[in-house]
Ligand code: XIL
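Before any questions on binding or motion, here is one chain by itself as structure tokens, the form predicted alone.
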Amino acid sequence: MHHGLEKSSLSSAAARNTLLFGTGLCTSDLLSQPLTRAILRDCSIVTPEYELKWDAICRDPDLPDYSAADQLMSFASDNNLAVHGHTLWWHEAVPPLLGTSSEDQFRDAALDHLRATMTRYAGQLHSWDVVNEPLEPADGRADGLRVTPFLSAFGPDYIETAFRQASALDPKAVLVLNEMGLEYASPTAERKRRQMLALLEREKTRGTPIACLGIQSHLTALEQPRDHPDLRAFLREVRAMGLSVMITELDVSDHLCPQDRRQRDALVAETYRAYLDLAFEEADVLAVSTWGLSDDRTWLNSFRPRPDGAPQRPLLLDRAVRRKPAWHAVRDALLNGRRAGARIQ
């Protein structure tokens, strides 16, 4: 491949280190030609933002609707993009009508959904977030597990149940346990990292087929430390267990940054660069996905608005789908990333 061309897209920069680069997207994104062009240029993997979630598919529990998910799947296959399945079991994506069900009914429904969804798409996905956000230290359990309907209905071995089912139904897919808050610098985050290592040890001992840890990576500029010894040590331990890592929902909130656009963009870019450099040094990273590509589509304006009311600029492309300093920072990190766990091909 011509070197000049190779550096002009994130997916080709990533491919030099046998990585996938991608983004979250939803069906409405397919209506924007500039955005679709950017996705096809820069991405080798896509993650449906909500179309594969249980509550999106089962608005009517008796009549699962896969049409939106199918649309994204065919966009991906038409354009030779890998797909990351997000997410089979997550406490915030339970169909509302199941809120009043018995534990037996919930258990049956959860297993039915997992089986139906994986059977429909088996062999078509690169990877699945089988269980999303299983830990919540504040819930006070010794094992750190979040108190959810899954925990109530199945007990603490619900993670093993989900992964064994998933492995039987889609044996070639990379099965991911996805979690948030592991990358922050705080006593709470450090507690969560310790609980995650204990959880992974526990599951490995039982033979649970978890292949990969998903680290969501919703970062905040000016809060994420550049040299993060606790995170480094954590990633080393994950790697020592033989697990790979996917960075699944990367973005960088600028709500603490000054209003000046150039300063903001520089701080955001630097946060991306330092974080990816660290991850590539310590982990066997399979893929890096941002939670959206262009600033007009970020969830952060509603979730974490800036005090001055200015729109956030947390992603790699601006509202007009032009490359920002963050795009170049990510490309540099992808090009220079020494993969700690790079396998000899």
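From 1 onward, residues are counted along the sequence shown. Just so it is clear, the structure is predicted and the values come from calculations on it, not from any experiment.
This next part talks about the form predicted together with the named molecule, which is not shown.
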Which is the contacting stretch out of 273-281, 307-315, 32-40, 45-53, given heavy atoms within 4.5 Å of the named molecule in the model of the complex?
45-53
Does any part of residue 158 reach within 4.5 Å of the named molecule in the model of the complex? Heavy atoms only, please.
no
Would residue 249 count as touching the named molecule in the model of the complex under a 4.5 Å heavy atom rule?
yes
Whether residue 265 contacts the named molecule in the model of the complex should be assessed with a 4.5 Å heavy atom distance threshold; does it?
no
Partner contact for residue 127 in the model of the complex: the named molecule, 4.5 angstroms, heavy atom
no
What is the one choice in 133, 203, 230, 237 with a heavy atom within 4.5 Å of the named molecule in the model of the complex?
133
Could you list which residues of 74-105 come within 4.5 Å of the named molecule in the model of the complex, counting heavy atoms only?
86, 90
